[in-house]
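Read the single chain below, which is given as structure tokens and is the form predicted on its own.
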Amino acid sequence: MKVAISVNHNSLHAKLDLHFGRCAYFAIVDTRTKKVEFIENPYQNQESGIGKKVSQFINNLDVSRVIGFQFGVKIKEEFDQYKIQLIAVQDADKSVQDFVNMLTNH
């Protein structure tokens, strides 16, 4: 399974970005291989329509779950149509490595 995490830069020490649609990067974690890929958010500086564009972008990455600090109602509706689960985490101090450890240690 692939999980996308909205983060503020492209390293395993990166923290959750507080603004999902405008995050700098998405860390894509493959829970089977434990591989992490960082993909720059091409819509971080868009004026409007970010939710729809980001949800389509994430869906094209074959992601099953998305982890972020918080999600708006509109973006939730967008991800619902793709059947991608949103997970809101209120601990912005967690790093990508923390999430990798949680997702891959069954």
Partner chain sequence: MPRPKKIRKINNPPKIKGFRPIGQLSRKNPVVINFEEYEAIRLCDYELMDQLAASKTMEVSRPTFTRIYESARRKVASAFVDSKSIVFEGGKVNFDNEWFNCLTCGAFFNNPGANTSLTSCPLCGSSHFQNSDLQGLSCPEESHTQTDLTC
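Fair warning: this is a prediction, and the values are worked out from it, not measured in the lab. Positions refer to the first chain, counted from 1.
The same protein has a further form, the form predicted together with its partner chain, not shown here; the description that follows concerns it.
Trainee: Only one of these stretches, 48-56, 22-30, 62-70, 35-43, has heavy atoms within 4.5 Å of its partner chain in the model of the complex; which one is it?
Mentor: Contact criterion met by 62-70 only.
Trainee: Within 4.5 Å, heavy atoms only: does H13 come near its partner chain in the model of the complex?
Mentor: No, H13 is distant from the partner.
Trainee: Would A92 show up as a contact with its partner chain in the model of the complex if we use heavy atoms at 4.5 Å?
Mentor: Contact check for A92: no, nothing within 4.5 Å of its partner chain in the model of the complex.
Trainee: Just checking whether Q85 would be counted as a contact of its partner chain in the model of the complex - the rule being heavy atoms within 4.5 angstroms.
Mentor: Because a heavy atom of Q85 falls inside 4.5 Å of its partner chain in the model of the complex, the answer is yes.
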